[in-house]
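Given next, in structure tokens, is a single chain: the form predicted alone.
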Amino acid sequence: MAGTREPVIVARDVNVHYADKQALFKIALDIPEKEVTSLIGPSGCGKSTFLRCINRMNDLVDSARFEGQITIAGQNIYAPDVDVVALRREVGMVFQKPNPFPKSVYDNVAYGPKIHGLAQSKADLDGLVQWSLEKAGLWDEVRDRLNEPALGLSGGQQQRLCIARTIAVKPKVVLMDEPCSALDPVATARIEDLIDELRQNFSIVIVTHSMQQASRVSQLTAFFHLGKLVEAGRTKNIFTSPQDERTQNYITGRIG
């Protein structure tokens, strides 16, 4: 199912096995450009596995086997000639727990642009670091602490720093795997506001256990159950008039 915008990611017939166990079954999903798409469903339903297919993180699992096709902006990301390092620059990832590097605030954000050669000068790099921290809603809090260790920031600040680090290389897509699960409600609200702002620049896919969060931040919602995509559509429709009884049961708390 497509959103109102053109899809940036198109997945067709995606199957994933871990050794003998099949984790995903024939997933077909269009993810629209510059919108937030939420992947919801019970634990172990395949949503994080699908998320990790989009930047080929499953390649790092020896027993994982991928079948099917995923294209990003028309390019088949599983084609034999795809440079996975370049792909992961285009598809950034924010994890459950904040994972800043044991470096300064500045060096955390500057790391990606440096290794990818995105800044021609120190002034360029400074500008990119400031832009990223502003976009991540963190600049005002850290502008006087850029040379201090990132690990000295609060949990919510560390997660926003990880978002700044992710967007500093100007990816097309930002993946977020339960980015608020380790945060308190105030920090969670900050991240949710931020996600809403970031979609002006990026296409965002978020895995969340919180249906309230999915309904607040996303325009498109996809419900996974037992490795299958049960239903996908505009978030409002999924939450008010789902087409499938399993979606209805999950949303009303009868399965979970």
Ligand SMILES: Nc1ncnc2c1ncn2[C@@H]1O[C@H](COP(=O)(O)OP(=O)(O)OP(=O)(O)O)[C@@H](O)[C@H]1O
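Values in this document were obtained by computation on a predicted structure and should not be read as measured data. Residue numbers here begin at 1 and follow the sequence given.
Quick note: we don't show the form predicted together with this ligand, though the next part is all about it.
At least one heavy atom of S63 is located within 4.5 Å of this ligand in the predicted bound form. Interface residue remark: C45 is counted as part of the site for this ligand in the predicted bound form, having a heavy atom within 4.5 Å. F25 falls outside the set of residues with a heavy atom inside 4.5 Å of this ligand in the predicted bound form. This ligand in the predicted bound form comes within 4.5 Å of a heavy atom belonging to E178. Stretch 35-43 is the contacting one of 214-222, 193-201, 35-43, 66-74, since its residues have non-hydrogen atoms within 4.5 Å of this ligand in the predicted bound form. For the candidate spot formed by Y111, K114 and T166, no residue has a non-hydrogen atom within 4.5 angstroms of this ligand in the predicted bound form.
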